[in-house]
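Read the single chain below, which is given as structure tokens and is the form predicted on its own.
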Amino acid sequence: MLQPALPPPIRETGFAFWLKRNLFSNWWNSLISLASLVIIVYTLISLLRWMVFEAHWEIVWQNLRLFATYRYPTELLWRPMSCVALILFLFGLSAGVGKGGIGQIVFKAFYWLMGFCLAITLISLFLFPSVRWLWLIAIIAGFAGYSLAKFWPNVAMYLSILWGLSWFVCLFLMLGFSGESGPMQYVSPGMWGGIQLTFFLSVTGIALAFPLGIALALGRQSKLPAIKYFCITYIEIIRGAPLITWLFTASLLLPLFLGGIRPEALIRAQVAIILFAAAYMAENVRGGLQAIPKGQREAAHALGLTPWDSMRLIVLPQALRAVIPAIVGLFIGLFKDTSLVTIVGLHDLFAVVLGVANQPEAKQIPGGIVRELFIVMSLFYWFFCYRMSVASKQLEKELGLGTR
């Protein structure tokens, strides 16, 4: 006797099934989901209505150059834009030589960065004639670097050297020579500010704090008492006070330690940021070193490797791999903490935003334009912090972190 046909299986894929399983699995979850949806839709509609019909964006647009470079002379804007073009060119080279794996991560970061710069270029072409062609040249430089890397893959051998030299080239272009006139006239770091200063402090701080932190972590595990206890003392003292304290210390006390010599405020703040971040980096790396089994060192010793070679080739790479989330978290925090330099007289993006909010034109608007300014600043920080977070997750996945 034939058995009756069974009903078709319940579909367990697709967006409808996901909604039913996660948001509408029972009456209570359905009620919460509907209430949340109403709140979200109402909030978004209110925000969009305010942004389109009520917000005053004209003052924000008028001060975009101030946000970018603060008091850097307008006739010399080609110098910081040359730095942007150089960075995009090198980024294009790095993305072009990558082949899968980590190279794919660099390519995706390059893709997003070029999209961000392309949006700025389109805005500049119509609204900002002073940098209209400079941004277009920077975009072309990025694509030129990518094309050159595809045509000449051996350029990968020189990338580390080129990236190292780029910092000195950019610093030279930003400062210029001594003098009060001419295309390469000297521009005091006190005139730097906005996004330009934020990037300089954060990128330089990250680049120098990373190797210094590794050195401190290795020194803390040294068998030489002088090195070991010096590193311990340094790390514990620096970590025992907030960054704002060390910024004040560098601003007020560093000239006393240097015998009356008073470096630029930018240099003093940069030193404080580097030393502070290096202490936290050292503890992150030390945690990774302690996570490596002793058997790794013993196996390296059995193979005839010296203690330095075993640390450099076997232990340290594994330790850094294990603490990638902590390191990237420190970098993201450092990128945002550069806003604290406002208290020592520097004008990063946060300080410029506050200055624009206090302009007479902004004061004449009922309620001011603080909300508009902070939305722009939040989007800026979110974009770059989010990209660092995404790159970190991609790197963890590529290296198999958290998998067995």
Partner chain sequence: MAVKPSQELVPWYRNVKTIAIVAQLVFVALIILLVTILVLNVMKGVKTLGVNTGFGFLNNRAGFPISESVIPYSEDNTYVRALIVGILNTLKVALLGIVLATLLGISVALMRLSNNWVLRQISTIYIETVRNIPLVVQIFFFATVLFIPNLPSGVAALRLGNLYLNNSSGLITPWPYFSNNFWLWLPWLAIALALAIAAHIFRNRHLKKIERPGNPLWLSLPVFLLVAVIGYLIALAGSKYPEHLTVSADVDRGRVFSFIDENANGVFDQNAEKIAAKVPVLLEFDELTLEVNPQRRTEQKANIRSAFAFPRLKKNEYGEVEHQFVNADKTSDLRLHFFEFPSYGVVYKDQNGNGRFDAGENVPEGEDGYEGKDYSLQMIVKGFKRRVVTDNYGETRSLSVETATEPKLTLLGASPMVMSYPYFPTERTQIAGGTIFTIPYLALLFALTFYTASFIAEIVRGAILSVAKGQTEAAKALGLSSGQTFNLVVFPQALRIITPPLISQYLNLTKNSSLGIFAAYQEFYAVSSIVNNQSGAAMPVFVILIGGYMVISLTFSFALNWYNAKNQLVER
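Residue numbers count along the first chain shown, from 1. All values derive from a computational prediction rather than experimental measurement. Here, rigid core means the biggest group of C-alpha atoms that superpose within 1.5 Å across both forms.
The next section is about a form of this same protein that is not shown, the form predicted in complex with its partner chain.
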Among Thr249, Gln290, Gln185, Ser147, which has any heavy atom within 4.5 Å of its partner chain in the model of the complex?
Thr249
Since only the chain is shown here, I'm wondering whether Ile40 would be in contact with its partner chain in the model of the complex (any heavy atom pair within 4.5 Å).
yes
Can any non-hydrogen atom of Phe15 be found within 4.5 angstroms of its partner chain in the model of the complex?
no
Hey, in the model of the complex, is Ala156 touching its partner chain, heavy atoms inside 4.5 Å?
no
Heavy atoms within 4.5 Å of its partner chain in the model of the complex: does His301 have any?
no
In terms of non-hydrogen atoms within 4.5 angstroms, which of the given stretches 104 to 112, 221 to 229, 118 to 126, 91 to 99 touches its partner chain in the model of the complex?
221 to 229
Run the contact test on Ile32, Gly259 and Lys393 with a 4.5 Å heavy atom cut-off to its partner chain in the model of the complex and return yes or no.
yes
Output the sequence-ordered list of residues from 115 to 134 with at least one heavy atom within 4.5 Å of its partner chain in the model of the complex.
none
Is Arg79 one of the residues whose Cα moves 2 Å or more between this form and the one not shown, with the core superposed?
no
Could you tell me whether the Cα atom of Val390 shifts by at least 2 Å between this form and the one not shown after core superposition?
no
Align on the rigid core first; then say whether the Cα of Pro307 has moved by at least 2 Å between this form and the one not shown.
yes
